[in-house]
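In the structure tokens that follow, the same protein chain appears in two forms, which are kept apart as structure 1 and structure 2.
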Structure 1
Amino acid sequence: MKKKKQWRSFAFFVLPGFLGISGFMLLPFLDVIRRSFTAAATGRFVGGDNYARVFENQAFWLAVKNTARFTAVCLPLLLLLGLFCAMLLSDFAQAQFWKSVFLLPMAMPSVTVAMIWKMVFSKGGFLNRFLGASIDYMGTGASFWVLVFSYVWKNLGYTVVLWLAGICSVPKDTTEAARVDGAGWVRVWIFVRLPQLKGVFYTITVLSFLNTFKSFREAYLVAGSYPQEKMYLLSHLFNNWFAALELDKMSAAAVCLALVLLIFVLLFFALFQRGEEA
């Protein structure tokens, strides 16, 4: 096809959406970058002052620390638990049924989840009744683990589905060949199947990482804008700054977060590409 015609056709199909994306995301983000270097009230250029104020802010570091800890605990837990369930489900006749069961939490609206968490994790809730204890899980450091549980509960379904799709795409004759050569169940998994799941592994990691930000919903609906300290995440911070109209601090923080995420995503793409070629 002629180059000019190709451009024209491409623009015809993509431009309507692209205009909106430029208008609602790309251009305003440039404005956010500009604002991060100016004072919100006067619009004067203030250099790195906003960034300095963000980095001096204690709530910011609390949120960063909690979010980092949350991610560091949740990702490995979710990946391993998902892999374990997917292994149980591979070549299992009832796989379809169990996948549906595991996906069910995806359909549960967050307000509903929040209400049930209150019934389970309050001082007089089901968990304490089961354990015979009287711990206020939401009001102590345990609130962090409630959030972890909630995250794994909600995200396990698609993790299992992705792992399982990866496992099914490993050709049968490779595993058969390994078995004929005398490899047992364990060795087939470790040496034949797992190395082929690299791509799926990267995918699940990126998706689950970005879903950690959505845990804010349940946390917010259970405990409001200022939850127990250990549950205070970056999302809470952004929300509270937005509500207080601290736009200069917020724009600096948004630029930082976007930068960190961009580096993370590109790094993963690079690793992923290499994993694919190998």
Structure 2
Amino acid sequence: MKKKKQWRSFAFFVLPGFLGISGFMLLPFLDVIRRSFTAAATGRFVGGDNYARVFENQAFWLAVKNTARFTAVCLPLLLLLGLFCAMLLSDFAQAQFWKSVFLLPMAMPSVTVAMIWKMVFSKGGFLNRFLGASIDYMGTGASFWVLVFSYVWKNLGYTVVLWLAGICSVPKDTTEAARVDGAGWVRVWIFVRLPQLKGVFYTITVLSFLNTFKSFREAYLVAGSYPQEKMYLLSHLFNNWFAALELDKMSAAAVCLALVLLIFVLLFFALFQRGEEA
């Protein structure tokens, strides 16, 4: 009888969320999988033709290369910078105030952010006036680093807050005991606090990895649908295919992207579990 009540309670809390996820995510994605094997205009089954067209598309491989490079640069940069800022803020008495300051970029509208980047990085912008140069940052290979800077600037706040939440959850008794034993600030962090932040590290890494595939709005508002090739990401490709109603290619590419993301998350989870057991 007790188990039945537990299962009822479990179903009561889980079922509404599961129905919502199924209705708004799982079922639409199943329809995307179906569309990836059919022609957009006629709905006729075409097998793997859509996938072949995607893999033969040069714009697709350009977007994949840029997105992979963007993720490889931004992910470690965001994790390390966020951890460093959180380490410094954890020793401040007014950490709450600084958390609010770090979260301000996330509260700013994307249009406002895009206007700021135009004012700073355009050929006649503030940065060129300060340096006495005349460089079109958004029209050269430097546009990639502008995109990296904007992503880190906008997402650093929530990363710092997550790291701080993990740091604050570390029992103070362990750190105080280490200090009593003669451990300095560096040793306390390396041998006491960081090993207890593995769970937070996993969460932040997965969230940040997924967010790198969503850095589209600012780049789109600054440079349009076809920006300089170094900042042409998968988000631009999907947007352009959607505008051209090439839903068959877009569906096939979306399935491939979903598989890559799933494989990464599962592999990282397996490595995390192995590290926990070790």
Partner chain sequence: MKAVFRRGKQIGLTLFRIVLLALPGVFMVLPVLLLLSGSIMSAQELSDYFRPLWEDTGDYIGWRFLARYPVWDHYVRLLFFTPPFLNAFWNSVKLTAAILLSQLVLSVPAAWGFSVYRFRFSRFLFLVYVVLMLMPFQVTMLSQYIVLNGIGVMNTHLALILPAAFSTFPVFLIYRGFRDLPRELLEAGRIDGAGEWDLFIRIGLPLASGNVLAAGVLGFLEYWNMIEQPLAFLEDLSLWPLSLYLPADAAGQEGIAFAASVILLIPAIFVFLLGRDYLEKGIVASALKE
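Note that the coordinates shown come from a computational prediction; the quantities given were computed from them, not determined experimentally. Numbering for residues begins at 1 and runs along the sequence of structure 1. Basically, rigid core = biggest C-alpha set you can superpose within 1.5 Å across the two forms.
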Choose between structure 1 and structure 2: indicate the form predicted alone.
2
Yes/no, residue 242 Cα shift of 2 Å or more between the two structures with rigid core fixed:
no
Comparing between the two structures on the rigid core: C-alpha of residue 40 shifted by 2 Å or more?
yes
If the larger rigid part is held fixed, how many degrees does the smaller one turn between the two structures?
11
Taking the rigid core as fixed, quantify in angstrom how much the C-alpha of residue 10 shifts between the two structures.
7.3
